[in-house]
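Listed next as structure tokens is one chain, alone, in the form predicted alone.
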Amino acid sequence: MKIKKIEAMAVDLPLKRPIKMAGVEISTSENVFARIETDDGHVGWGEASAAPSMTGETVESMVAAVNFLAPFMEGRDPADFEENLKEMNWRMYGNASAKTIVEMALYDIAGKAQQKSIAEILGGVRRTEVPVLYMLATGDIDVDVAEATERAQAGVTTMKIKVGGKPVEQDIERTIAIRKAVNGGVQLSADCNQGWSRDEALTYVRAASDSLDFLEQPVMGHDVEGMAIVAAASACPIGADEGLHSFDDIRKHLESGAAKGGSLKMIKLGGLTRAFQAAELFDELGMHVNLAGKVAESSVSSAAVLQIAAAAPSLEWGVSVTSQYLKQDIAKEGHCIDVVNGQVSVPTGAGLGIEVDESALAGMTRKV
């Protein structure tokens, strides 16, 4: 079995409603998909959202990178994951999202060929159902409190408040109000997405951190010293996100006292292999794991997140599956990732465990 053809496509995925975070409002997710076909007829799918502030990549650059890598990957064994990563890394520096798209599709193919789920390929299924973190991201205190109350009553056990897009005093008020509304029955976190200065972050943690189970990326990702300063003043653990792009970054954050856990995303680490290995490293170091997709990805990437979650040693800070925020998914009916009251079952089929509706995907594809 050899890689025969790699096709990249840019796709716009509308959200059910806008998500507000760190001064940005997202109403449509700009994603790139790859369709990879082998010489024996297997087809695999990969996906990633554009995240310029996290990886430096845009839809246009991701499509260009996948197309650049395609001729070097053709003829290779899809299941030779480490060697395929070495090939991509040798041919092109950086571009972690583009490499994630390709590698995800290769895992999908390998799983289909072996009749195994990706979790089984990664090392074995530790769990078949995971708690899914729900975002409170309207920026409106009344709406977020009402929604948090409703979700908690429905059984949702993990929630995350998007902060950093309003004056810090408003974020403090909203955080305390949400914690009061859900009481102690919910693991409640907040995510600033690098939106505060050190002083703003310190103001927030001194007033609101005792309402949280953890706070994610309060300052810029490169400001590890600032993260450590905020962590020292916080009543809750601090998690890193935009600051984690390598195993060295993980160790640096722990050793400097900047973070006790973090959000692991495939697009930051360069694919499923490295994201799973990072989850293993977190467990080895005693750090707390949140596995996450970018806002927002379809059932393709969400299934990949869940496959890693199924095999990961630990998941203390939950899983962020973002297909639930899309107005329309691109998986066939009955194959979409279905989040019910904050819980989701890991797909059990071969590879990613979902089937793509290629006609639906074509209807949302655009030229770049």
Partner chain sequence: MKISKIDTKIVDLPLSRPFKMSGVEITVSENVFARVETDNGLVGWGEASSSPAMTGETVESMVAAIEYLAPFMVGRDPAAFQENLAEMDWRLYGNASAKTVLEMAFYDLAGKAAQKPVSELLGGTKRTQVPIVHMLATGDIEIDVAEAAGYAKAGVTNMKIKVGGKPVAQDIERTIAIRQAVNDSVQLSADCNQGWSREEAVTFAKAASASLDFLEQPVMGHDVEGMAQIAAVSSCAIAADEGLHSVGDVHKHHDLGAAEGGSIKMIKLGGLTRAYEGTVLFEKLGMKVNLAGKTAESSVSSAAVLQIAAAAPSIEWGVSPTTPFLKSDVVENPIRVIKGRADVPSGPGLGVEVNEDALAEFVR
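Residue numbers count along the first chain shown, from 1. Quick caveat: nothing in here was measured; it's all calculated off a predicted structure.
Beyond the structure shown, there is the form predicted in complex with the partner chain, which is absent from this document and is the topic of what follows.
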Could you tell me if Arg206 has a non-hydrogen atom within 4.5 Å of the partner chain in the model of the complex?
no
Can you check whether Gly56 is within 4.5 Å of the partner chain in the model of the complex, heavy atom basis?
yes
Heavy atoms within 4.5 Å of the partner chain in the model of the complex: does Pro52 have any?
yes
Mark His245 yes when one of its heavy atoms lies within 4.5 Å of a heavy atom of the partner chain in the model of the complex, and no otherwise.
yes
In the model of the complex, the one of Val143, Leu285, Met92, Val125 near the partner chain [non-hydrogen atom within 4.5 angstroms]:
Met92
Note which of Ala64, Val339, Cys336, Leu326 lies within 4.5 Å of the partner chain in the model of the complex, where distance is taken over heavy atoms; exactly one does.
Ala64
Quick check for you: of 64-72, 339-347, 301-309, 33-41, which stretch puts a non-hydrogen atom within 4.5 Å of the partner chain in the model of the complex?
64-72
